[in-house]
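In structure tokens, one chain follows: the form predicted alone.
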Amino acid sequence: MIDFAPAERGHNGRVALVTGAARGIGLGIAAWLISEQWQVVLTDLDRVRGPKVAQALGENALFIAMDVADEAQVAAGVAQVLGQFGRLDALVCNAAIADPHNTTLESLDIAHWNRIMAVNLGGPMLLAKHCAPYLRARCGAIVNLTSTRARQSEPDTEAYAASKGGLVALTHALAISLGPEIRVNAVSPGWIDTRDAAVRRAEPLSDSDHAQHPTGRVGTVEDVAGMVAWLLSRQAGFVTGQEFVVDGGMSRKMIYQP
């Protein structure tokens, strides 16, 4: 199912909460932090895959089922983290309804719009609200996973783009409200191949997929995870309220129809 091996035994004393961590970018971030000997609490809606992922990652991983749009579940999950570990040093808000496409604007159902806003934008707000007292006590950090779609769009992506644009704004608002004790930054991925390793091997991306990027390749979850890990580290102590684009340079590339 996943290729991440358990980290060597050990713990650096720091605890991170990573949402949407049963697969993709969230799983990559959790695995990277565990490799740096963090204790990581993974949350996700997937109650089947989540525990299996945590078991595969080793003893520094714990899974909690959570709908980030449900404040009662968020509060209960944060309380469980504090009850078990007694501290919280980092929050990574990755959980999202990830498919950017919906119907045409004229057919867009308000319930669909509201659910995307509740998960993609409301979730990070609720998590920051409930984690802030404990992060403040540790001079901790928050990283929100946004998207390059906060700044550029394809047709019929209004709900997703608006939610991610709002999350960029929420990031700098939180940085001002929660500083200086808590730093808050955003990472905006571009095209990241989030498929499981077995799928990537069976169905590799085309040469043209890679070549269109100024870096010469599509991104990996490790590309994003490395940036997140740095933002959570003490080396990023003077960095807050910022958005970091991890897209292989694509958002800087001028593209014209032939």
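These numbers come from a predicted model, not from an experiment. Quick note: we count residues from 1 along the sequence shown, nothing fancier.
The next section is about a form of this same protein that is not shown, the form predicted in complex with a small molecule.
Relative to the small molecule in the model of the complex, residues Ala128, Arg151 and Asn185 are all farther than 4.5 Å at every heavy atom.
From the list 102-110, 83-91, 170-178, 142-150, the contact stretch for the small molecule in the model of the complex under a 4.5 Å heavy atom rule is 142-150. Interface membership of Thr194, defined by any non-hydrogen atom within 4.5 Å of the small molecule in the model of the complex, is confirmed. Not displayed here, the small molecule is kept clear of Leu17 by more than 4.5 Å at the level of heavy atoms in the model of the complex. With a 4.5 Å cutoff on heavy atoms, Gly190 counts as touching the small molecule in the model of the complex. At the 4.5 Å threshold, heavy atoms of Ala229 stay clear of the small molecule in the model of the complex, well away from it. Comment: the small molecule is not present in this chain, but in the model of the complex one of Val78, Ala132, Ile116, Ala95 has a heavy atom within 4.5 Å of it, namely Ala95.
This chain is displayed alone, yet in the model of the complex one of Val68, Ala225, Ala54, Ile34 has a heavy atom within 4.5 Å of the small molecule; that residue is Val68.
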